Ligand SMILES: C[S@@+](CC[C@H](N)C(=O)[O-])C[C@H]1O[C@@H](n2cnc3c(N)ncnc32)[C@H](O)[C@@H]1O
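Single chain ahead, by itself, as structure tokens, in the form predicted alone.
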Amino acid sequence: MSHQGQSREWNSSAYHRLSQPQVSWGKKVLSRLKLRGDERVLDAGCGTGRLTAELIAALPRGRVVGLDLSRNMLVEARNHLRSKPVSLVAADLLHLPFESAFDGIVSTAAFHWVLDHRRLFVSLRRALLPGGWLQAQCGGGPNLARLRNRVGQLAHTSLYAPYLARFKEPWFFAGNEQSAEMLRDAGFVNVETSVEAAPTVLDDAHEYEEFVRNIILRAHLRQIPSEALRTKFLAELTERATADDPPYSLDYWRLNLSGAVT
């Protein structure tokens, strides 16, 4: 597998097991939908399909397409959704293989992994039918600022600098006003955006380390050449998190996005 191929892949079984915070946020997004039950809806960045299953249940006469860049995620989703009516597609959100195909697009915990939101929103707009809608949520604003600051400090120490000092963060955490402007520029109307705090507390040091390894810092850790050094890096971050109030907490912030097309 190429380096590019590796960069898009996840430990999907670990993600499926650990992603309860993302699922809980996603359920709130789904609760905002006003569905007839017969719509064609794209789950953009479906991951392992935990929320896709909820979407399928809400569309008994509709059609759901789950799309993700990671083939590992799609294998896990296929297993999770094997008895359900769904189509699963491997594709890049910046280059969606659809035009005027969906009544709605739903996305949770995915867009912040796409660095070019202007192109992203144009791609999404193109995939929607006239009268279609977007309802999404991703990381935004000061998302994970405390952890990111700690990662940055460690990255510039002598032990990790050869691997991480020049490594650029793999996320784009936009603000609500910036996102609203980009959505309107892409052709969306009735745009609404907001940023909300979503603090998340993990049970203990082991869960914190496992969560940070598999959910947050997978791209960073790929830059570090040995498992021993990766483990040491995570142990140092986990040790710092023990002194937080409460311990093992993550300062998540979620960016809510909605809009329609005419």
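Heads up: residue numbers just count along the shown sequence, starting at 1. If you're wondering where the values come from, they're calculated on a predicted model, not measured in any experiment.
The following text describes the form predicted in complex with the ligand, which does not appear among the structures shown.
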Mark A53 yes when one of its heavy atoms lies within 4.5 Å of a heavy atom of the ligand in the predicted bound form, and no otherwise. no
message = Would you classify G47 as touching the ligand in the predicted bound form, given a 4.5 Å non-hydrogen atom cut-off?
response = yes
Checklist entry - Does S179 make contact with the ligand in the predicted bound form, using a 4.5 Å heavy atom cut-off? => result no
Partner contact for L67 in the predicted bound form: the ligand, 4.5 angstroms, heavy atom: yes
With the partner omitted here, the residue among E192, D92, D116, D185 that in the predicted bound form has a heavy atom within 4.5 Å of the ligand is D92
Answer key: of A174, M73, L134, C138, within 4.5 Å of the ligand in the predicted bound form (heavy atoms) is M73
- Task: Decide yes or no: are W10, Y15 and A110 jointly within 4.5 Å of the ligand in the predicted bound form, with each residue judged by its heavy atoms?
- Result: yes
Assert contact_stretch over 160-168, 122-130, 92-100, 142-150 against the ligand in the predicted bound form, heavy atom within 4.5 Å, equals 92-100
